[in-house]
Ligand SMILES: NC(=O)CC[C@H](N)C(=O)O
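Only one chain is given next, in C-alpha cells, and it is the form predicted on its own.
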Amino acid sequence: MLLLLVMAVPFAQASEEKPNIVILATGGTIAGSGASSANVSAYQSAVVGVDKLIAAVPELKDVASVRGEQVFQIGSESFNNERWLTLARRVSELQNSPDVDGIVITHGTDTMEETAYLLNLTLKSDKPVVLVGSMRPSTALSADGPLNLYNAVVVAADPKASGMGVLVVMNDDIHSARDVTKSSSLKVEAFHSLYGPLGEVVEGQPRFYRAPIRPHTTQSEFSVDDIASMPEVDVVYTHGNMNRVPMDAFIAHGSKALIWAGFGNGSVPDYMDAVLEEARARGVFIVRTTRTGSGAVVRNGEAEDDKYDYIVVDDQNPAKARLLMALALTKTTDTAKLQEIFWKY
C-alpha cells in the first residue's frame, strides 16, 4: 500500500500541471474606466493595470498558470511602427522561453487587426498567440472584457490552437489575424471575418472548424528578429472631389509606398491618373486596394497596372496592405516580387 501511495504522488502532481500563459497588457478599452456603470462609450481607456485585469477573472487559475506583464498602457490608436516592433520582439522572446506555453495580448480594438496581422507575419513559433480586448470598459454594465479575457486564455492554453497563427478572440468567436476586421464602433459583436471565424468558445471549450492556409508565423518569410525598422508606407483614402495634396505631403515626408484605398475595385478618378503616374515615376510604389471593406482587386482591371508598374492587393484591406507592403520592402524593391508577396499572403 505504501508503494502504491508513493507512486501515485508524481502522477497526481503531473495531472495538476497547467499550461503557462503570459498575459501582455497594452491598454485599450479592456483596461478602461468610465464615470458610471452606464458609460459604455464615454470613458478613459488604458488606466487599469494587468494585475487588476487578471484579478477580475479568478476563474483563470482553473485554466492555466497565468502571469501578467505591462508592455504599454495606451489606447490602440496610438500604436505606431516602433511600438508594434517593441511588442513583437517581446512576444518573440517569450515564445522562445521553454516555460511559456502561450501568450495572450490585451489590446485596444481600434488597431487590433493590424497588430494581429503584423504578428501573424513576423513571429516564428507555433505557440499560440491570442489578442483580446473589449468594446466596453470594465466599469460598464455588462462589460465584455472579463469573459473575453477568460476565453482568450482558454484558447491560448489549448493544444489545438498551436500552429493556427495569431488569433483574435472576441465575443466568443476565434478569428484568424489575416481575415479579421473591426466592423462596428460600438457593438460588442464588432469583429468579423470575411470568410467566417475559425471557431468559437462554447462554455469554456474552444471548438475549431477550419484552419488558415495562407502562410503565417513559421511559414512566413518575415521575422521580427531581422527587422530593425519598417519603411514608411502611407494610406491615401479616396473620396469624391479629392486632390493631390495628401499624396504630395506623404511623398515629401519620405513615403516609400502609397496604399491607394480606391473606389470600388481600386479605381482611380481620371483627374488623379496623372498624379499616381507621377508618384510612381518618382520611385514611390503604388498599391491599389479598395475602400469597400471586402473583395479582391483585379490586376489591370480599373487601372493599367502593368503599364504604370502598380501593385494590387488580393483581399487585404488598406490598413493590412500598409503593413504587408512595409514588410515586403524589407525584402525587395522589385515590383514583380512585391506583387507575388501580395498574392501569397
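The first residue of the shown sequence is 1; numbering continues from there. Since the model is a prediction, treat every value here as computed from it, not as a measurement.
In what follows, reference is made to the form predicted in complex with this ligand, a form of this protein that is not presented.
With the partner removed from view, the residue among 76, 181, 95, 171 that has a non-hydrogen atom within 4.5 Å of this ligand in the predicted bound form turns out to be 76. When this ligand is considered in the predicted bound form, only one residue from 123, 140, 233, 135 comes within 4.5 Å through any heavy atom, namely 135.
Picking from 257-265, 150-158, 104-112, 81-89 the stretch near this ligand in the predicted bound form, with a 4.5 Å limit on heavy atoms, gives 104-112. With a 4.5 Å cutoff on heavy atoms, residue 308 does not count as touching this ligand in the predicted bound form; it lies far away. Within 4.5 Å of any heavy atom of this ligand in the predicted bound form lies no heavy atom of residue 316. Residue 290 falls outside the set of residues with a heavy atom inside 4.5 Å of this ligand in the predicted bound form.
In sequence order, 43, 45 are the residues of 34-57 having a heavy atom within 4.5 Å of this ligand in the predicted bound form; the partner itself is omitted from this view.
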